[in-house]
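The form predicted on its own is given below as one chain in structure tokens.
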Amino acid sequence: MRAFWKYLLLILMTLVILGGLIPPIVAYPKNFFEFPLIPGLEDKARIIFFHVPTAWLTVLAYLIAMFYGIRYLKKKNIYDDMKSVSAAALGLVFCILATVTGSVWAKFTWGSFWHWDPRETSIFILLLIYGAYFALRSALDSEEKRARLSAIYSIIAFLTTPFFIFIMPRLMIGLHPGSLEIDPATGQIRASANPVIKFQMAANMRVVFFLSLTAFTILYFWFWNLTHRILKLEYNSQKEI
């Protein structure tokens, strides 16, 4: 990673941490450095700046894994397989981080780390799907067969990702913002208020949010570049032996 991107990442991450944790959350903000109170989230709204980017990187990583899986099937270049598996590995890491940060938020909001809410269930299923991906790779000794089957699996697995991340949680009744909920007054099903997904955040919160998305994305590409380069070096050194 070039020095420019390292310094940029350091600056952005510092701004995100400071901007996400320090500004007070008040009911009626009077200054730019004050965040407005979001009903139902209160001070816990700060986790938006960290939880949502990890979920975003999960989708991005699995998309890149599928992209290089398709490239491998077309060109049969083993380096494409390395890029694909590196992306899938990071996707699994960020999927775990999204699950953990979501569970911490759930503990302070709903009283327990896990409720089998539709969004919790969907991300757990994604963890199983991509955990099976690595189980498949470890079970195959043939390099060509492992790369080919992994590429096919990465394509099929990613096709489920938009459903589990974006669609399923919004079609079912749940506690997570964005899920359907039951109106206690009428008993009717309604769409829950969701200032995060609808981007109805205050301008200062939106600045920190998009800074966080940018910083985490740069962080991902840095990790991904290092990971597949290490795999390439290990592969070439083994070929020389």
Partner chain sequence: MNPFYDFLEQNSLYIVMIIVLLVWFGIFAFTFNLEKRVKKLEEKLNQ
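Residue numbers count along the first chain shown, from 1. The structure presented is a predicted model; accordingly, all values stated were derived computationally and were not measured.
FYI, the form predicted in complex with the partner chain isn't displayed, but the following is about it.
Between 64-72, 27-35, 202-210, 46-54, the stretch whose residues reach within 4.5 angstroms of the partner chain in the model of the complex through a non-hydrogen atom is 46-54. F223 belongs to the set of residues with a heavy atom inside 4.5 Å of the partner chain in the model of the complex.
Using a 4.5 angstroms threshold between heavy atoms, I11 stays clear of the partner chain in the model of the complex.
The partner chain is not shown here, and in the model of the complex it never comes within 4.5 Å of any heavy atom of F134. Residue contact check for T217: none of its heavy atoms lie within 4.5 Å of the partner chain in the model of the complex. Contact annotation for 74-108: residues with any non-hydrogen atom within 4.5 angstroms of the partner chain in the model of the complex are L90, V93, L97, V100, T101, V104, W105, K107, F108, listed in sequence order.
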